[in-house]
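Shown below, as structure tokens, is a lone chain in the form predicted on its own; questions about how it binds or moves come after it.
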């Protein structure tokens, strides 16, 4: 018999037992639908995660680490006893370098890094917190230095104004939350207004003096006016009445703590946005409420070093880890590449130069493993239902043998070979598998669509979030599910087909 004859015979046999064919196919449909739905959910999670990382601009940046002044200060301590090599640094996400850096990340090192092929620019991560005065209010806010111009997508969405115009401009960019905190009713109201960073008036001069001069001046200050803070004498003011001359003098003293004045050039939109990248940190640079040019931020950290930084610098020089004429450098910097493909060669070059680095790609390798395990588990759970359906296929085939014993005997009596008898049953099983696989895939597509809309209607929309597709149904998944259903169906027909081929035609012809 030709294959078309076998196919025609198989389809005729299935039509003669419509109810049995329908029930058996339903088992395959349910099994395939469960597999596709579960695996597509895992793939959807992975796709949404990658889309979010891409929207948050995490594939174009690398964080590079150099020897910090704190690590140099504790160079003689047993590494097992070290708990924090940057206790005075900014608190942020737990970025971990791929290796311990051996070089100081200073301006010369940044220029060398910026010359690496594929690197667009490198900017140090300079951040601090200070009291800020604007619009008649004084609040503590975080500040970060940024290179100008800057290609990071965090500086693409302004509610008002624009980016800082020049690298040496006394301009600042604030976010919308800070603008509201400082009392501006509308973001546009903040544009052109001044913002002042506050610090002790005598701190800069004090930080530039020698230890001997500092001790002497401190003694003189205590002898002349007692202890002071921010240039304001700390005296017992319990007897000072509101409106008195002493209280007015204290208020006037606050005017002596202005350290630097900037003009607000733009207000960033930090509120959640539509799409995969709604909310969250953009890029690897530390987030801040205010952004100023790098030069101004660097000068501020030098002029107003925190006490732990002063001690660490002194210890590093005393131990010989940092020369008297050497600068302490930066704890970390962010490198932006022109193309994410350049991440790997750039990081290899950073390793050769003696710097540590961190990229989101490091985390993605671990996440891919997690998602692979998740998809496998989900597929296995769905495969169990398809395995149960395979028993139904085997049962259908066996029942078909009992009903068609005489027919099989006649076919063998007129010359049908065992191979052709087996092929008839295999084709019947394949038809069940193809039908169940196709309908099961369509059912999974329908379930995915309904689940997405229910999630948006009852979960996302009440919270003000945009629509998110939680499932991913690529063509290869649909094709694989149909192929898997066909393979399982044929495997389920192995025993019935072999049993049918072993039927003795003489006994089959005598079968009622």
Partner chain sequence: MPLLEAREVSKVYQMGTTSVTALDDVSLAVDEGQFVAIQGTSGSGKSTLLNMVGGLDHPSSGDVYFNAKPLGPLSKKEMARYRRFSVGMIFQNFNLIPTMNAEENIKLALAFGGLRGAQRRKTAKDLLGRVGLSDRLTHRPSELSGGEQQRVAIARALANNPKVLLADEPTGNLDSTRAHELLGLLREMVTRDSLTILMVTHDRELASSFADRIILMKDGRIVEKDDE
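Quick caveat: nothing in here was measured; it's all calculated off a predicted structure. Numbering follows the first chain given and starts at 1.
There is another form of this protein, the form predicted together with the partner chain, and it is not shown here; the text below is about that form.
Checking 98, 112, 189, 418 against the partner chain in the predicted complex, a heavy atom within 4.5 Å turns up for just one residue: 418. The listed set 411, 364, 374, 313 contains one residue whose heavy atoms approach the partner chain in the predicted complex to within 4.5 Å, identified as 411. Stretch 401 to 409 is the contacting one of 316 to 324, 349 to 357, 168 to 176, 401 to 409, since its residues have non-hydrogen atoms within 4.5 Å of the partner chain in the predicted complex.
Proximity of residue 14 to the partner chain in the predicted complex falls outside the 4.5 Å heavy atom cutoff. The closest non-hydrogen atom of residue 10 lies beyond 4.5 Å of the partner chain in the predicted complex.
The candidate spot formed by 123, 259 and 261 lies out of contact with the partner chain in the predicted complex, as no residue has a heavy atom within 4.5 Å of it.
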